[in-house]
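Quick heads-up: it's one chain on its own, the form predicted on its own, in structure tokens.
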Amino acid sequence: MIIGICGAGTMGRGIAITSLMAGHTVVLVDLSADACTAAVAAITKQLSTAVERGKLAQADFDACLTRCSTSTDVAAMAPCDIVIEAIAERLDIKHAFFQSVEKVCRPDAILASNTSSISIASLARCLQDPTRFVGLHFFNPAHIMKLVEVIRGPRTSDAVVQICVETARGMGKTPVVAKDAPGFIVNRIARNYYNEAQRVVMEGAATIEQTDALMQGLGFKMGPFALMDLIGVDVNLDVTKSQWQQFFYEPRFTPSLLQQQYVDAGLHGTKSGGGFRTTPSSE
């Protein structure tokens, strides 16, 4: 299978690694040539680590690199069987991409979004054929996390959902079919994990470090603040705002002023070298 991935950032790279290790051919597209170059370097490094740990044979490593190509032109996705979008969490940007890719892809190609919060129905409305559109939501880091939400839009065909479920299973993932509701399944639940933690800190009941330590003590692998740093404090805030709006500004989903202040300060987490738990660089 040929899998097209739009967006050479953290999520796009992770989905690419997962696809390559499952034996698929990957076409990675990004507007920035530098981003494509950086993505190939990151993918190569992760695959090399898999070889070192005995999870990937050297011959398979070589084959993975052979099956991976990049481009700054969306036309490179013409032969793809599935196209997965992993770009900015903005409806207008996603609409522009899907309208352009629909013109170059085969009529039977599946178009999927890795969105974590935007309605599948609203994303699909820009397409000539919304029956082939689906949500395919991986979790960060995509090459490690097992869960994949397959989100059925109101016009998504049964065949498209089934193909995506089977494709995810073939990647070693655990697919869960979700309805097209705000936040789907995981992010609806997770908003409370993030929002309540920030409320505790804003009220002075505990520090950021204490809150994370307490949640880890309850069995969570990562505290909410460390997890927001990993995801991207800005990305996480965008998802919160999107879900809040889709629930017609229900108070329990209200974004936190604390998170907005970190984003305004450019403290976006691990990727920026500074965040809730990431120490800013002195340089």
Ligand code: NAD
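Start at 1 and count along the sequence shown; that's the residue number. Quick caveat, the model's predicted, so the values are computed rather than measured.
Keep in mind that the form predicted in complex with this ligand is missing from the display, and what follows is about it.
Close approach of Met11 to this ligand in the predicted complex, 4.5 Å, heavy atom: Output for Met11 is yes: heavy atoms within 4.5 Å of this ligand.
Is there any non-hydrogen atom of Val83 lying within 4.5 Å of this ligand in the predicted complex? Output for Val83 is no: heavy atoms all beyond 4.5 Å of this ligand.
Under a 4.5 Å heavy atom criterion, is Met145 part of the interface with this ligand in the predicted complex? So Met145 does not count as contacting this ligand.
Contact test in the predicted complex: His24 vs this ligand, heavy atoms, 4.5 Å: His24: no contact with this ligand in the predicted complex.
Checking a candidate spot here: are Asp30, Asn114 and Val235 all in contact with this ligand in the predicted complex (at least one heavy atom each within 4.5 Å)? Every residue of the candidate spot has a heavy atom within 4.5 Å of this ligand in the predicted complex.
Check each of Ala121, Ala88, Val176, Ala78 and return the one that places a heavy atom within 4.5 angstroms of this ligand in the predicted complex. The residue from Ala121, Ala88, Val176, Ala78 that makes the contact is Ala88.
Heavy atom within 4.5 Å of this ligand in the predicted complex - residue from Ile93, Ala213, Ala206, Ile185: Of the listed residues, the single hit is Ile93.
Would you mind picking out the stretch of 101 to 109, 131 to 139, 154 to 162, 167 to 175 that comes within 4.5 angstroms of this ligand in the predicted complex, counting non-hydrogen atoms? Selected range: 131 to 139.
Select from 230 to 265 the residues with a non-hydrogen atom within 4.5 Å of this ligand in the predicted complex and write them out in sequence order. Residues within 4.5 Å: Ile231, Val235, Val239.
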